[in-house]
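What follows is a single chain, given as C-alpha cells, in the form predicted on its own.
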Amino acid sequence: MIFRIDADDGLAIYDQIVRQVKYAVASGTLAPGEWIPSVRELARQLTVNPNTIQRAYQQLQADGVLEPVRGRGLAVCRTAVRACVAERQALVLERLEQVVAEAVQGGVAPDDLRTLFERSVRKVMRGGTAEAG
C-alpha cells in the first residue's frame, strides 16, 4: 500500500494515515491478516515523525482495524472489513449531504442535482475529475 500525505489537506497527518488505512481495508487493498509497514519504515517513507505514525497506529488499534502480533508487528484484524466499509459509507454520506445542502441553498432543483451527480459519477468513472467541467 502506498500512502499519500498532503500537508495542505487541513487534516492532521495521523488522521490522513488512519483514513487511508481504513479505506484500503474497506476496498480490499489491505486484506485481513496482511501486515502493515513498521512505524520506522512508514515514517521514513513519508518523511514524517515516527510519533505521528505511532499515533495513527494506536488509533487504528483502538478502532479495531489493526492488531499486534507478538514479535511480528501489526496486521489487519479479521473483523475490520465490515467496520471500515461502514465508516467509509458514513463519511461519503456526510460529504454528499453537505454538497446537497449547499446546492439546495443555492437554488438547484432536485432533478438538476440528480443530473449533475450522475454526470459527475460518469466522469470520475472514466478517469476524469468531477471538478474539471
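Only the largest set of C-alpha atoms that superpose within 1.5 Å between the two forms is called the rigid core. The first residue of the shown sequence is 1; numbering continues from there. As the structure is a prediction and not an experimental result, all values here were calculated from the model.
Below, we turn to the form predicted in complex with another copy of the chain, even though it does not appear here.
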Taking Arg19, Arg95 and Val108 together, does each of them reach another copy of the chain in the predicted bound form with some heavy atom inside 4.5 Å?
-> yes
is_contact(Arg44, another copy of the chain) in the predicted bound form, heavy atom dist at most 4.5 Å | no
Taking the shortest heavy atom distance, is Ala31 within 4.5 Å of another copy of the chain in the predicted bound form?
-> no
So in the predicted bound form, does Val99 come within 4.5 Å of another copy of the chain, heavy atom to heavy atom?
-> yes
Is Ala86 one of the residues lying within 4.5 Å of another copy of the chain in the predicted bound form, judged by heavy atom distances?
-> no
Out of Ala103, Val81, Ala75, Val39, which one falls within 4.5 Å of another copy of the chain in the predicted bound form, going by heavy atoms?
-> Ala103
Let me know which residues along 21 to 58 have a heavy atom within 4.5 Å of another copy of the chain in the predicted bound form, or say none if there are none.
-> Tyr23, Ser27, Arg55, Gln58
For Ala43, decide whether the Cα shift between this form and the one not shown is 2 Å or greater, given a superposition on the rigid core.
-> no
Gly10 C-alpha relocation of at least 2 Å between this form and the one not shown, rigid core basis = no
